[in-house]
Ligand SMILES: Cc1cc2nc3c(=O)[nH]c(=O)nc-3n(C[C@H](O)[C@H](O)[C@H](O)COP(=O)(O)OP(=O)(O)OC[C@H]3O[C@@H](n4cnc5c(N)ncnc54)[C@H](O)[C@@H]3O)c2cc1C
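Below, in structure tokens: the form predicted on its own, a single chain.
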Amino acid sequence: MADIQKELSYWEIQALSGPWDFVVVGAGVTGLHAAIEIKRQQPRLQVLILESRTLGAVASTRNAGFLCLGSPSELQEDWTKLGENGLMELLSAKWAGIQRTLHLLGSKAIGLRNVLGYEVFARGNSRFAQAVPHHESVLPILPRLNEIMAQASNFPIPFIPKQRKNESIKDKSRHTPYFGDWKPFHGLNPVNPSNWGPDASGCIPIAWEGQVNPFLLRESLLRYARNLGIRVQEGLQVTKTGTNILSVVPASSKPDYKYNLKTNLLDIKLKSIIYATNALTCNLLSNLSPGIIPQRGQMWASAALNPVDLARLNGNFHADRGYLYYRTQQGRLLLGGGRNQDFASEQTDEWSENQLISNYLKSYSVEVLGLPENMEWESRWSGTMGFTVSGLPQCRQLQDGEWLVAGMNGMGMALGPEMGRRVACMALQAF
């Protein structure tokens, strides 16, 4: 205790050590929604969220800010892997998650823009089309894919907060058909089709997607959680004793809690815990099977675009089964992805540049997007996502009072709210 007292005051120890009914590890989108759902259903429960970082979150504030359900070639790959029923379940979870965010926070608080989306295809002999389904292989499935999208968006929304039941939020995501007809690029830009690069072929339009400010979105969730009485503590990092995270309190002592949780500054008493650590889960739960695979995502922001390119690139753009994505923001292009060019090196939670991928993204901007070779790039960053072998998130009980929600597979902005809600419901039922 002497060492603890050197770090924390009496008041801080009293405020944080518990006992807590629930501790949620991870203050990203998923963890915040889990805690909010617990407190919404059981306001008297004491809930603490722990976040090791003092700024941002691993992926929740470092992504491209898309609210989307997936591009045609990405969903084609999911369909092959999961089957039609599995794809339907995945899409309905994304749809519910997006609607939960809109109803919970409102559009202004997250900087929402309703935009059109596009999946861009490169020419068949382009190096940017290697191992990528050509548009001609995607077009035959679009009618059925549109039917699946319509069915998924008609699933009942599991949760609409009372305070926003009467708020009018534009529901453009039910526009049908969701995926439009193939358009060569002169369909997007009839005045000057040469603005696209030599490797560009055409696109499949998407009826609705959203653009948000990820930092504002998470800040809005933090305010919402704190207003419910949830304590969010940054700078506390969970540590392990050997391979154990929790130490069990002997039942014979009859305490009002089950476990002790060790952090870098103090021990915390708790009854139940939810790990919402996504890409960092493998560091914390090293014996987890099946595991969560970290994958880094690179992002670049350009200097200001000229007016013609800015208008041409207005919307959300996807390519290469979701491995490439880009949009404009304040007159600049945000271009990211490319991890499939070097999976092995990108299987890391370290934030740094992969030069091979940077060169790939910049070449794509010239050869497909038609941007100048001397384009100035003002900033670069990376974030880490969590993936599963199955392609579906993990949302399950590990042992009595211990729960996991992780592996959003690069779709945390859409999936995180619903998966957080689901794990909270499961944990409350067993509480």
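Just so you know, these numbers come straight off a predicted model, no measurement behind them. Position 1 is the first residue in the sequence shown; the rest follow in order.
From this point on, the text means the form predicted in complex with the named molecule, which you will not see here.
When contacts are judged by a 4.5 Å heavy atom cut-off, R62 counts as touching the named molecule in the predicted bound form. Using a 4.5 angstroms threshold between heavy atoms, V29 counts as touching the named molecule in the predicted bound form. Among residues of the shown chain, E37 is not one whose heavy atoms approach the named molecule to within 4.5 Å in the predicted bound form. Among heavy atoms of Y325, some come within 4.5 Å of the named molecule in the predicted bound form.
Think of it this way: in the predicted bound form, the named molecule has a heavy atom of just one of L246, V238, L142, L361 within 4.5 Å, and the residue is V238. Only one segment in the set 229-237, 116-124, 78-86, 146-154 has residues whose heavy atoms sit within 4.5 Å of the named molecule in the predicted bound form; it is 229-237. Taking a 4.5 Å heavy atom cutoff to the named molecule in the predicted bound form, the contacting residues in 376-410 are G383, T384, M385, M408, G410.
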